[in-house]
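First, one chain by itself: the form predicted alone, in structure tokens.
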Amino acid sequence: MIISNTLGIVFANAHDALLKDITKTSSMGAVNYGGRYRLIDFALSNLSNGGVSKVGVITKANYYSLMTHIGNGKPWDLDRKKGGIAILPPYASPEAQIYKGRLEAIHGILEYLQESKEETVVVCDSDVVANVDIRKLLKYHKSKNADITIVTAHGKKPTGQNDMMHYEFNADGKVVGVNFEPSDDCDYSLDITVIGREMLIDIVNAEMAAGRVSLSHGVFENHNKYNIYGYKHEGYCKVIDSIESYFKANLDLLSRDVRNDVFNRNNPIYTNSRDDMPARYGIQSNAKNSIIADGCIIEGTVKNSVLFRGVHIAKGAVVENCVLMHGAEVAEKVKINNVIADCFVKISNSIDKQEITYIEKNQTV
């Protein structure tokens, strides 16, 4: 792997409130996805595949499971004596106040930024499912002689983030306009941003001195001051900003085209793997169009669903259009549809509703 002169910064808790049921006990970055992954795997894998060998993960709350998952960073080739991965504390000041936004969060890690030697920083959130080629992004940033480059997607704006910015570009891709009004067809940010390290430090200090509370708003309200370019991501992407978008992002993986795009062999998505026995299927089991992780026991019927490790579907049970996280159990002859069951949930009664039903971790229903 060719190492780039780039530092990665990942926000582990960005937009936790938009998935508040699931993030009661974990950060956004630690949320389960796709049978065996966590959402932060995409940011870390994208950076690692892009040659970024030094990454700081900014935490805020409920980050024990995140730290356990990341460990020493080995799955992403970040277990290094020089550089590697660092878990950064959630404090915005010496008085140990928890940061309120990205501006305060980055201000709280200024010492980390100042001691780093990399010229460029890639700042990412943990709530985006997308396989982004960071090498191409950095090459584009350099070719445009940009001060700031933002990764965007084109389409209908995600509904959960009311403060998400939309951009207008000229023919060269330079940002010429910014607005916050909803639109059915727009270029919206995936919260992946490239910026010079020294420029980031200067902007943060200036914005804090001016009493700003939002880093992105302060920068983009003055977009004429900087050379800001957009880099359009053309592949699959999903911003996880609601239970509905989380549910859809998981079930989207049932499409082969989506799987091939998200889990691109040229840019693999890595995770902290766990050895387990293969999934086992009973004589009367029936599984169709589903992702079933190792360690599962399937004795009933599973259709159009995503099952994480160690899920048990008993005899006569029918599971359809569901996302069941690891250790979940569905009792005999129980039928469930449109259900998200968190870890170690036990379901003993049938659930079949039009809307999505979410069941909290460790619950029995």
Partner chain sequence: MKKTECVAMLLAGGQGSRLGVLTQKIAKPAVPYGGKYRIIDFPLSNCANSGITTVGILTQYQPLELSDYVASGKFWDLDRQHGGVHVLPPYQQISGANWYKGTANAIYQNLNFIERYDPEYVLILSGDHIYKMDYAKMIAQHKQQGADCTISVIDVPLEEASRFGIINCNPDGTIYEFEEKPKQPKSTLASMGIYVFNWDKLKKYLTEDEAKEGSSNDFGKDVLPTMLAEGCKMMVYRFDDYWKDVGTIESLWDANLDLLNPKINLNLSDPNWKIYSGTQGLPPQYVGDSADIENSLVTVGCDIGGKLDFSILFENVTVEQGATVEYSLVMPGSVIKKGATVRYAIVAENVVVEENAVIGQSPEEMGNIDDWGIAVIGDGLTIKKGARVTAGKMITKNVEEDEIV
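Here the structure is a predicted model, which is why all the values come from computation and not from measurement. Numbering follows the first chain given and starts at 1.
Here the subject shifts to the form predicted together with the partner chain, a form of this protein not shown in this document.
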- Query: Would you say all of Arg259, Tyr270 and Met277 touch the partner chain in the model of the complex, counting a heavy atom within 4.5 Å as a touch?
  - Reply: yes
- Task: Consider the chain as shown here, without its partner, and state which of Asn145, Asn170, Gln114, Gln284 has a heavy atom within 4.5 Å of the partner chain in the model of the complex.
- Result: Gln284
- Looking at Ile109, Cys186, Ile291, Met208, which has any heavy atom no more than 4.5 Å from the partner chain in the model of the complex? Ile291
- Item | Heavy atom of Phe42 within 4.5 Å of the partner chain in the model of the complex | no
- Message: Although the partner isn't part of this model, could you tell me whether Gly50 comes within 4.5 Å of the partner chain in the model of the complex, counting any heavy atom of the residue?
- Response: no
- Task: Considering only heavy atoms, tell me if Lys225 and the partner chain come within 4.5 Å of each other in the model of the complex.
- Result: no
- Does Met199 make contact with the partner chain in the model of the complex, using a 4.5 Å heavy atom cut-off? no
- Query: With the partner removed from view, which of 125-133, 261-269, 170-178, 240-248 is the stretch that lies within 4.5 Å of the partner chain in the model of the complex, judged by heavy atom distances?
  - Reply: 261-269
